[in-house]
Ligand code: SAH
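One chain comes next, on its own, written out as structure tokens in the form predicted alone.
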């Protein structure tokens, strides 16, 4: 019997990859994807717990399904991912018509759990052990490995893919739920990673992004041999079809010299490095339990700039963390001005249940203060991004064409010409006009204008592949 699946995904790249693998496993059971709730036999929500807004979005979506489930009791509703691991039975209490609650360590059980619900009725829950519920080895084993089934239709584009090299996190920042929801840090075996990369290459992927909660912390020990992220990059670089390699997200203390050498020496490796700082204040960093000082971060940035002078570095910042003073916020603003990040992801502190910050610290910064600091830091970063992007005007950059831009429109004079978008090797967004058949190619584009977040250009005609030139 042909079944139809509807799936919604919120959160990070890890969740996007998790959804791809779940969809691939359900396709093996005869499922097809649908964008319509009414057509679906099964509805899955892949959830995030990093920010309260993501959880609220999921609970709101579940609330809208209450009457729908009454009309269609035979259909299955499932909640998977980090919120499922964190809230567990609370989801059933808030939405008793939900059938499945499955943590990120048990995703491979989803097809069978759905069938159990259909055959026997009742609710099913599959979650990993909590960080206090057993030994480290027992907790690791409770986060099951997922056979890396892949579904190209779920990727950002047919020629870009995520590849997980690590699960879990052992950093235990006081504001973060990830160590509790995704368990202890574990590196995947390098041979498995290489085999999956070759499969992705055979499927037409030109660009692979390696994923880990702190991806540069990757270590895999086997007998007397230890494989690091730099070692992986050298081996992945040898796969002929792969043209670009990226990796996110990095931890400042693990930005080692061997990794920076690999970024400098390997032409396929992106010089885009995302290295969250979170704050410019040592007292706040200590309260966050980030494990480094601002002097450590500056030293890391100096080594990075010396090793990879053309690196594009981005960062994360939390404003309004517990007890943050105006002076401490100003230290963060000064750090952004000093480091001149390509871009920064800026968040207002949101208390998360189950974290040390929620247990031990008062969320004492008023919302309006958090909002002002957020807007001020964003304005500083936007000014820097715009100034640095202007340096590209007149330059030719290589762009991997990802597809039509969000605001793509046909030009009356050219008929078939579209506004396309893509990214440089250093992860800058470029918008330009071109034919749809250019999608999936790496092309030279000359930049003629910029904004803080986007560069605008035109294809350098004489360097375009002949097959693409036919329609230009």
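Positions refer to the first chain, counted from 1. Note that the coordinates shown come from a computational prediction; the quantities given were computed from them, not determined experimentally.
Not on display, but discussed next: the form predicted together with the named molecule.
50 is the sole member of 418, 425, 62, 50 with a non-hydrogen atom lying within 4.5 angstroms of the named molecule in the model of the complex. Interface residue among 398, 192, 316, 334, judged by heavy atoms within 4.5 Å of the named molecule in the model of the complex: 316. Only one of 388-396, 238-246, 256-264, 348-356 lies within 4.5 Å of the named molecule in the model of the complex by heavy atoms, and it is 348-356. Of the heavy atoms in residue 213, some are within 4.5 Å of the named molecule in the model of the complex. Although the partner is absent here, residue 373 sits far enough away that none of its heavy atoms falls within 4.5 Å of the named molecule in the model of the complex.
When contacts are judged by a 4.5 Å heavy atom cut-off, residue 278 counts as touching the named molecule in the model of the complex.
Remark: residue 206 does not count among the residues lining the named molecule in the model of the complex, judged by a heavy atom distance of 4.5 Å or less.
In the model of the complex, 290 is the single residue of 287-303 with at least one heavy atom within 4.5 Å of the named molecule.
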